[in-house]
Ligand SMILES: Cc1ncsc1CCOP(=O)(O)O
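Before any questions on how it binds or moves, here is one chain, the form predicted on its own, in structure tokens.
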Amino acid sequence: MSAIQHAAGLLDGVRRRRPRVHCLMNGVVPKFVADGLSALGAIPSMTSSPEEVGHFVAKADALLVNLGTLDAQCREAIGIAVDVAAKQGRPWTLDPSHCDYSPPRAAFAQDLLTRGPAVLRANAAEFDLLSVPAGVVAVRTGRQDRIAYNGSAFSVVNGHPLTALVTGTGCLSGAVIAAFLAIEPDPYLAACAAMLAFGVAAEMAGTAAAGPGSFEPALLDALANLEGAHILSFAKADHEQG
């Protein structure tokens, strides 16, 4: 079975199982990310209270750690959440948002990479600052999304230029990766499937939108209406065998 066929099947799996994804999200786009997960078929939760976050992560199926609006409480909550995820065996995705703006944030992201995320999702500027340990699937997003692990790489060239003009689309792609991690034990296959689903949905949204203002709701609609058949028909991807 090809990665594209596998992705189509996993999308149906997300819809059937409705995994709960706990998102430690920045304060700019939590509603957009929550709405995107719901449209995909997952269930979002988002508390960052240090008193509660461990309980939420223990009952979630996967975790997203996003560093977008990092402060002392977020750092404490992230530490608790990552500890609980490790103890409970919950897969998690690290999104080191804006680590290229701040050396302390970059150092924190690098430390988190040693704590066992299944996947790192970063744009090119963020990605180039970090050293990805063996055992972590590396997802570099941009005009071409490249997923690399253990000598193999998979590139997705779906998507739409309007994606870059709407704040939070990268954050949402990290959450979509976490949703697929919840149902696929191989994090490389999960990340490939997630980027295919997100890329095809973004391409469908781009054909319906007149600009960034209408692209955001169009992307939510595309995620909600996305079917495995769309991935099979519209996926544009290349596999590099290491």
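In this text, residue numbers run from 1 along the sequence as written. All of these numbers come straight from a predicted model, not from anything done at the bench.
Omitted from view is the form predicted in complex with this ligand, to which the following refers.
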query	finding
Heavy atom within 4.5 Å of this ligand in the predicted bound form - the one residue of 155, 88, 152, 167 that qualifies	167
Heavy atom within 4.5 Å of this ligand in the predicted bound form - the one residue of 38, 69, 214, 47 that qualifies	69
Candidate spot 26, 98 and 171, all three touching this ligand in the predicted bound form (heavy atom, 4.5 Å)	yes
Heavy atom contact within 4.5 Å of this ligand in the predicted bound form, the stretch among 129 to 137, 90 to 98, 75 to 83, 110 to 118	90 to 98
Partner contacts in the predicted bound form for 40 to 65 (non-hydrogen atom within 4.5 angstroms of this ligand)	none
